[in-house]
Ligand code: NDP
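Quick heads-up: it's one chain on its own, the form predicted alone, in structure tokens.
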Amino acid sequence: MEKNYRAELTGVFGDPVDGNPTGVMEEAGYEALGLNFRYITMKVTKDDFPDAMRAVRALHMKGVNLTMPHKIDVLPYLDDISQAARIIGAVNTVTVRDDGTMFGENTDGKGFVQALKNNGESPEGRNIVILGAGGAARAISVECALAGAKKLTIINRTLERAKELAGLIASRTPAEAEYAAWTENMPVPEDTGILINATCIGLAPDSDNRPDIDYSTIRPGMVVTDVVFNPADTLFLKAASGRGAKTISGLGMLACQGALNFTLWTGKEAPLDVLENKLREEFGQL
């Protein structure tokens, strides 16, 4: 039988992109399942992005991830997008289907919801408070709303951004939505079921910092999560754990996001434990 040496190509487009850890995670998964897939981390500027998207088809790639500044610019190149990506207004994963059409998905929020479920939790029927109103907050809030959250409260230092995101949730999903300005030593609302840090506060090398909230208002029974993945056990999560809350790290969310990418491109269930352990190894957390 003639051997097939051709590798299926995946990767990420971004600028900057040097510190993106997705490639090592996906490659570990490909190797674990014996798949002849490769993941390439590629610097692509805004000016070069049209050529890069044409190259996706020309090279018969299986798909790409997108990071800043391309998550919105990619929309005109896609043939179809998911319901969540349409509401969010941004795509971070492109899959090239067998017929050559391109499908856009946003796996940021889906990865977060899956990480919750893997830890025995769910957004369904919960009051959720989100710190921040950027891209991560937008994706997570939309997916939590679509997954049955009762109410989302968006807290952000720039009130207009919080108001806009709350308005999007209230108008495009079944969930209720509120917003508030982030003030110094802000208390966590008493009815909070899940508290999410959707900012980059605490991300290495800024790991000695944590969101400015009144930690005495975190109580046992509350679920506290962080999108920061390095370190996995942030000061935010340590403080919440000290108050008796159940904590879930951002590393699990990143691994679940990678697993969703993996399945979209390969059609196979991702080896989640392999992906997560590779991330821990990469960040010196084993």
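For every residue, the number given is its place in the sequence shown, counted from 1. Everything numeric here is computed off the predicted structure, so don't read it as measured data.
There is another form of the same protein, the form predicted together with the ligand; it is not shown, and what comes next is about it.
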{"query": "4.5 angstroms heavy atom contact with the ligand in the predicted bound form for residue 257", "finding": "yes"}
{"query": "Partner proximity in the predicted bound form: residue 157 to the ligand, non-hydrogen atom cutoff 4.5 Å", "finding": "yes"}
{"query": "4.5 angstroms heavy atom contact with the ligand in the predicted bound form for residue 180", "finding": "no"}
{"query": "Heavy atom of residue 123 within 4.5 Å of the ligand in the predicted bound form", "finding": "no"}
{"query": "Contact assignment for the ligand in the predicted bound form, among 236, 229, 30, 39, heavy atom within 4.5 Å", "finding": "229"}
{"query": "Contact residue in the predicted bound form, from 170, 102, 186, 203 (heavy atom within 4.5 Å of the ligand)", "finding": "203"}
{"query": "Per-stretch contact check against the ligand in the predicted bound form, the hit in 213-221, 39-47, 236-244, 249-257 (non-hydrogen atom, 4.5 angstroms)", "finding": "249-257"}
{"query": "All of 89, 110 and 142 within 4.5 Å of the ligand in the predicted bound form, heavy atom check", "finding": "no"}
{"query": "Contacts with the ligand in the predicted bound form, stretch 120-151 (heavy atom within 4.5 Å)", "finding": "132, 133, 134, 135, 136, 137"}
